[in-house]
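So this first bit is one chain, no partners, the form predicted on its own, shown in structure tokens.
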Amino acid sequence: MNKLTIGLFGFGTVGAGLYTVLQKSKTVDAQIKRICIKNPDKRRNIDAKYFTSNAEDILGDPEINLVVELIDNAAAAYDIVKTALQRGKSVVSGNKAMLAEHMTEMIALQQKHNVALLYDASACGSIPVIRNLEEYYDNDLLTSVTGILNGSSNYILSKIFNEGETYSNALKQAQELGFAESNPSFDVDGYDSLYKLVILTLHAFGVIIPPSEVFNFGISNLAECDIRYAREKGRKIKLVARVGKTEDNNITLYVMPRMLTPDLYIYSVEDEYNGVVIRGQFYDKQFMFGKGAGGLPTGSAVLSDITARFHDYRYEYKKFCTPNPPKYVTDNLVTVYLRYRNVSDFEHFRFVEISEKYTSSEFCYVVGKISINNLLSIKSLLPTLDVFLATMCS
């Protein structure tokens, strides 16, 4: 491809970051022609001639051969990306919710219209996980991908465990720095990590799983007693996403807080950084680390996708095209710490085995084995319960 003429959707933190890093790049012949924004009256620090609030000014422009979509609204992102692909324009997208919900259709659109959709920046900020899973780990020797995929929640937990901040103060700091939104639920309740995990699972194991069928639980119910328990055990709590093979060569995945011991790589991943551990049958563990939040790091990841497209790169979805991909199973057991205050809340959990139990007038907890199936069956109920749940990692 000789030159990329870009139509950019969104000029928030990441869009502005991309604009900045693109001006500094000397390795790709790419130029932003138009930027579609929602609020044309907002003051911005570049020439107003770039801006439009009409999507058709980008989607209908024959000179624009690459659409870069960096907006928050998943439904609007879907319409933009689908239309661009249908009109023969390749796309770079950062919208992990849209991608996770519509991945099967997005793969089909790329094939039908002979275009490419790249989204490395959607998964782990500045860490090139997707392309590595797609190209380097393009065989069946991969056994698991485990990581901290959300910089906002990790920043909050770092402030709590390293500086003694309360959850509310740490959240406020994350919001002030632009790491967390005014409504932080997408990050702290594990949805951001969930969508990223669904995308990584496709490229790691060739399986597309609807996000609604994957268990996720976040850190918004974290209490002082949970923090104290972790410290007494010499552990830190991190929000961790994991997909891994089971003994029968199928896969299971979930997003939950995890009580980590100091010998684990991701124990030391702090602040807005992400960390991913890739484990294989013969190469044991490999670790990738980098910033997972912020305009410039994520903008740099988007630029990497743009540069890859400049060189005609596209995902081949090799594992997705294999005849016998692994099945997604949820009957496996995980060891968890469950803190509760009301016996009626505890009764929703069907523990197979309990190895530790504590009861007091203020709170109670158990440590034991429970099936992912049971957790999935009460997933919609959990936000109404006064409980905190974390996996125990030895």
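Numbering starts at 1 and follows the sequence shown. What you are looking at is a predicted structure, and each value in this text was computed from that prediction instead of being measured.
Not pictured, yet referred to below: the form predicted in complex with another copy of the chain.
Interface residue among 318, 314, 113, 102 relative to another copy of the chain in the predicted complex, by the heavy atom within 4.5 Å criterion: 318. Residue-level contacts in the predicted complex: of 165, 72, 135, 79, one residue has a heavy atom within 4.5 Å of another copy of the chain, and it is 135. Contact with another copy of the chain in the predicted complex, defined as any heavy atom within 4.5 Å, is confined among 92-100, 302-310, 190-198, 211-219 to 302-310. Another copy of the chain in the predicted complex is not approached by residue 13, whose heavy atoms all lie more than 4.5 angstroms from it.
For the chain shown alone, residue 235 is not a contact residue for another copy of the chain in the predicted complex, no non-hydrogen atom being within 4.5 angstroms. Taking the partner from the other structure, another copy of the chain in the predicted complex has a heavy atom within 4.5 Å of a heavy atom of residue 139. Of the heavy atoms in residue 43, none are within 4.5 Å of another copy of the chain in the predicted complex. Of the residues in 78-97, none comes within 4.5 Å of another copy of the chain in the predicted complex through any heavy atom.
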